[in-house]
Each structure stands twice: as C-alpha cells, then as structure tokens.
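The chain below stands alone, shown as structure tokens; this is the form predicted alone.
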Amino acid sequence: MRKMTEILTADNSFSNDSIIHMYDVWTSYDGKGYTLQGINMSVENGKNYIIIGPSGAGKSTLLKLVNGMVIPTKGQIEVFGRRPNIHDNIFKAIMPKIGYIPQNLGLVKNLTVMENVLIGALPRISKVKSFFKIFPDKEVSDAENVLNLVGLEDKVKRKVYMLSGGEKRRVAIARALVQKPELLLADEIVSELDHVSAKEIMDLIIEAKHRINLTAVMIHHDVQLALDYADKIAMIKHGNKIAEFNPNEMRYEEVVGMFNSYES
C-alpha cells in the first residue's frame, strides 16, 4: 500500500507564513446584532488551530467566513491571499484547496461509503463523468487507500445510514482527504463520541496534518482534547475572541478558570 504522502500529495503553493488572516471582522445575519465582533486571527501553514467556546458563541460562523459561505459585515478576511466568497470566480478556483466538514458531516445517507468518499474527487472530474459516476481508476484506487487509512476498508459498499456515528465521521474525514486540500475546516468532528473514539478521530487528522502539511482549523467543546491536539487555541464567547494561547502554556484548570471568569 502506498504511503499517505503519495496518495494525498497537495499543491502547497501557499507554504509561507500564515494562510488565514482576519482583520477586525464583524458579522451580522440580520443587520441588528453581531454574531462575531472584532475578530482578529492568523493561522499559520501546517498548524492545527482549535477554537473552543459554548454553543452560540459564533464558532461555526467563523468557519463559514473562512470558506466563503458567509461574508463579513465589517473587516477583512484573506485565505490563500484571496477574500473568501463562494460566488466569486477567483475564489472558486481555490475552493478545492479547502476541505470543509460541517457539524452534520454533509454525507449523503443513501449512498455507499465509497460513493460519499469519491465526492471529494469531484473537483478533478468532468461534469459529464461525475453525472454518470464515472471515476478514473486512480481516483478509485486513492479512495480505497484512504478508506484503508481510516479503517473502513471493509465497509466500502455499505450505505452511510447503516454506519455508527464514529464510522460516519471517518467517512467525512476520508472524503475531505480525497479532495486533497491544503486547509481542513472541521466543525465539531468528534462531538457525541466517547473519549476513546474522539482521540482515534483526532489521531487520524493529526497524522494527515503531519504527512501532507495540512493546515486545520477545528471547533471543539472538549477543552482537554483541544489542549492535547492543538498547536494554538482560541477561545470565543459571545462573538468575541477572549483569549488565544499555546496549549503548552496552559493547564486544563487554568483554561476552564479563564473561561468562567468572563460573564455568562
């Protein structure tokens, strides 16, 4: 079996310094209140940047800003040197560099595991071939190898709705890796999993990060998991980034205490 570096070789044309910059970003959905307020953030290439905070803090909105699904009301964002906007043709050209795993995973439950994973290869396939589900042998081979890496080689033909929660998350990761992104955005990828399963999923992502220089921005509720796996952690509450720190500088009790020190 080929190594992951051979399967998932990415074009790291933006390999220097940070690949995400946010400058005083404010976001409102209704023009009245702000979901995010004055966010400044920089994510370095090849790092695992984890965002923690309570539900409704604006964490998911932050990821949607990075992939261009939401446009800031004020401020500026640059991703790979471009302003994210899924309706902008220039940004569309670099969207395949961004793998996005939403909270609901975005899987098609009536398709097989393999069919879901091959969705990650669609940016490289012509519209006619994708319509008829015709994939080159290399794409199928790469998808098989990635499924082997995530431990789903024996469930290739199984429909997604028949899988466990942890298995579905593995499918979502495999689909994202088959896309061969340079940046992975993952929204609560290990939510509702037990601690052992959560660590297994995080180990898969960290392995990919190290092998192909993948940059990851992830959302977590679990403070300890963030401390164990992040290169840098940002804490968001009420739409504000209230802290940013390196995990080796803080203990669990300190992080929880700092978070609780801000008014609910």
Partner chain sequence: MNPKDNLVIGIIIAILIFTSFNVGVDPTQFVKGIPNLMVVVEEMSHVDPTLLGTAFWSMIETIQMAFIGTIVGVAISLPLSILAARNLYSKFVYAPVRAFLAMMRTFPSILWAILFVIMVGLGPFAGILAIIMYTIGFMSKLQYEAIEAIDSDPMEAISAIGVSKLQLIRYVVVPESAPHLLSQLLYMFDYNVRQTSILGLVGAGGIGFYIINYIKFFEYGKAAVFMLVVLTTVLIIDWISVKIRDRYIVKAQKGVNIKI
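Positions refer to the first chain, counted from 1. What you see is a predicted model; the values in this text were computed from it and never measured.
Below: the form predicted in complex with the partner chain, not depicted.
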| field | Stretch in contact in the predicted bound form with the partner chain, which is absent here, among 39-47, 224-232, 196-204, 63-71 (heavy atoms within 4.5 Å) | value | 63-71
| task | Select from the listed residues I98, V79, A186, A174 the one whose heavy atoms reach within 4.5 Å of the partner chain in the predicted bound form. | result | I98
| note | Assert contact residue (the partner chain, in the predicted bound form, non-hydrogen atom within 4.5 Å, options G151, G165, P123, P136) equals P123
| query | Are all three residues P102, G106 and N110 in contact with the partner chain in the predicted bound form, where contact means a non-hydrogen atom within 4.5 Å? | reply | yes
| message | Under a 4.5 Å heavy atom criterion, is I86 part of the interface with the partner chain in the predicted bound form? | response | yes
